[in-house]
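Heads up, the chain below is alone and in the form predicted alone; it's given as structure tokens.
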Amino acid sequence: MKIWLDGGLQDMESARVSVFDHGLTVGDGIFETVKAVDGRPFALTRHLDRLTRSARGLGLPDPDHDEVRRACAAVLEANPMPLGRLRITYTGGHGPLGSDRGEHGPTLVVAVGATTRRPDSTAVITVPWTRNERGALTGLKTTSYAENVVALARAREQGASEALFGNTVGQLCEGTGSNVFVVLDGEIHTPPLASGCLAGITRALAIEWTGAEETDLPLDVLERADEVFLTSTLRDVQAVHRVDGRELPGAPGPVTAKAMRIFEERSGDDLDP
């Protein structure tokens, strides 16, 4: 396995990042996960644009898009696979042990791992912890992911693949690594960015391609929604057949099934929409 680290390909076994890298010591970093089909990345331009927005939100230098594209192409060429999870990680670089940054410049790592197509439907739970819609990191895709690790572990314990958060005012927000959509009276709704959710790439495409509405939704909408589905880079559009103890028989329902079909067709037609 070959990865890209600070300017070139390296063997996975020999590649080294400093133990003083700020991404390791304090979580001072950002990342993107990109779907790669037969060595071709999907929606890479949108992912790089979000990487830059996240970098600016953290006060990191803008990543060099040309370098990141070269890194992605080199890693995908060196590691052929039918379906891959391409991970771009960009950190504050070598720094002191506290929160202050050093002056060594950022670290860039690009790696890929094989993955498989997700099932058509899945189970989710809600968790008692909240997303802070007014936090300093709100809307940024940072490497400070420990909260998601804890929530996803809770979901796994309950036989689910995702955990859904409300925000501090009791509105539905997002999953640990996904956005959430609900169907009410035949119409598709998803929480707005003001709820504190990440501006998901698949979320944005699903809104554009299905006409979904951004709507403030109470967390308990999950108890009465006709259908529920998730979006993310590797889930694409995935139906939900159980929320906590509530079964949603027949998932994917008709609206979700149509959204799944539209997404598959449109994403197949254009690899960089």
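Residue indices: 1-based, along the sequence shown. These figures come from a predicted structure and were not determined experimentally.
Although it is not shown, the form predicted together with pyridoxal-5'-phosphate (PLP) is what the next lines describe.
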**OP:** Taking 4.5 Å between heavy atoms as the contact cutoff, choose which of P191, G84, G93, G175 touches pyridoxal-5'-phosphate (PLP) in the predicted bound form.
**Re:** G175
Original post:
In terms of non-hydrogen atoms within 4.5 angstroms, which of the given stretches 109 to 117, 138 to 146, 73 to 81, 151 to 159 touches pyridoxal-5'-phosphate (PLP) in the predicted bound form?
Top reply: 138 to 146
Original post:
Can you check whether T210 is within 4.5 Å of pyridoxal-5'-phosphate (PLP) in the predicted bound form, heavy atom basis?
Top reply: no
Original post:
Is there a heavy atom of I201 no more than 4.5 Å from a heavy atom of pyridoxal-5'-phosphate (PLP) in the predicted bound form?
Top reply: yes
**OP:** Indicate whether pyridoxal-5'-phosphate (PLP) has at least one heavy atom within 4.5 Å of a heavy atom of R131 in the predicted bound form.
**Re:** yes
Subject >> 4.5 Å heavy atom contact, S232 and pyridoxal-5'-phosphate (PLP) in the predicted bound form >> reply: yes
